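The chain below stands alone and is given in structure tokens; this is the form predicted alone.
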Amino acid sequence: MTAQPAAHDILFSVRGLSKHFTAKRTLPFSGPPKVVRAVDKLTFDIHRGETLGLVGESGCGKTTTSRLLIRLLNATSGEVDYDGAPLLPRQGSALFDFRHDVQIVFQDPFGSLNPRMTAEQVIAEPLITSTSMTAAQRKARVAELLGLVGLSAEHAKRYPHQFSGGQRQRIGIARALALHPKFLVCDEPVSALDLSIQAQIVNLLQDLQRDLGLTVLFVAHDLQVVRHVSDRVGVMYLGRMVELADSETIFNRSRHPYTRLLLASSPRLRKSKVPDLAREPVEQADIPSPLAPPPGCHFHTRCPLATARCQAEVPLWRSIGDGHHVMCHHAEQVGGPVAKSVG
């Protein structure tokens, strides 16, 4: 069996994490405002030095989860420990110190850069606001960071519109690395790029993670990319995490019907790597609204294994061995490999 990580090997410990948003009323006197449970009682760990992939359909809560972890959003309830100490109560200088340790690479490499600032100014901004470096020291650090992401010193004086999409994303990565972070959130970092450029950025991120010892949360829709970069993968559906395991298990022996549906929906995987899913048809049904998710298991309206218990009772988040967690009453009935191994 896979050994459980020691406490000192866990960077983030998340227990019962929730985030609720109040939806605006469209009409006056239309009743009380509805609450969207964007993240609903998540419990998981992020191991030091790993890449954890987070996947699921749009609106499932992936991005909200990542922003909760780095305190861009405040949680409604739950507990998060960072490096062995509670994170959510931190304020003032304690929160400021935490911000040095965590950074984010955004989805849109153009929208995340100030068009009036040169690459040098963009990368140097966190150094100005968070360190006491001299101008000469900042200039040297910017040059170092440009080289680290595959750009040269001559790029420093250019503006964002003078770069390609891939080069802009490299600048965003350089800015994220400026303060020597321990934890990096990559929120759809390649979805806005051409396929040929995607591979370059993914390889760059993997090299940086290995060389700098980073812990990475990789949020993405592209399952092929997630499979390539992730040590473990968490699958989310309507605010809940429904399955979590190492990457090989998720893509070859997943035990949640939603995970298998997600794999089957990926043309790049289904074409040659998930023929077994063709024998497990899933009922075609509309995706429920996050404003009014189904009771019990949120997935029961689309699940071929659903029973009366699924409609009435929320499944427990439980371990089924070897670090494999699932939220499904019938996980043991989901059998057979779902993907052929890719060597």
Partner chain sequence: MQLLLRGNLPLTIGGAILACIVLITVIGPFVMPYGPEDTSLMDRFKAPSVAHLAGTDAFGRDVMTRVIDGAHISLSIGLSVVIITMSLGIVIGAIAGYFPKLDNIIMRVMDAGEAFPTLLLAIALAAVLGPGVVNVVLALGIAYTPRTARIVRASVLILSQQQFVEAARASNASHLRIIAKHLIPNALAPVIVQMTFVFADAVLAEAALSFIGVGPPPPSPTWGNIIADGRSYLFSAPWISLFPGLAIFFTVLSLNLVGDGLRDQLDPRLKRLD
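Positions refer to the first chain, counted from 1. Because the structure is predicted, anything quoted here is derived from the model rather than measured.
What comes next is about the form predicted together with its partner chain, which does not appear here.
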For its partner chain in the model of the complex, the stretch among 80 to 88, 96 to 104, 141 to 149, 239 to 247 with residues bearing a heavy atom within 4.5 Å is 96 to 104
Whether 297, 320 and 332 all lie within 4.5 angstroms of its partner chain in the model of the complex by heavy atom
no
Would you kindly say which of 135, 212, 117, 153 lies with a heavy atom within 4.5 Å of its partner chain in the model of the complex?
117
Option touching its partner chain, based on a heavy atom within 4.5 Å in the model of the complex, out of 47, 41, 67, 34
67
Even though the partner isn't displayed, in the model of the complex is residue 108 close enough to its partner chain, meaning a heavy atom within 4.5 Å?
yes
Using a 4.5 Å heavy atom cut-off, state whether residue 113 contacts its partner chain in the model of the complex.
yes
Would residue 126 show up as a contact with its partner chain in the model of the complex if we use heavy atoms at 4.5 Å?
yes
Residue 232: touches its partner chain in the model of the complex, heavy atom cutoff 4.5 angstroms
no
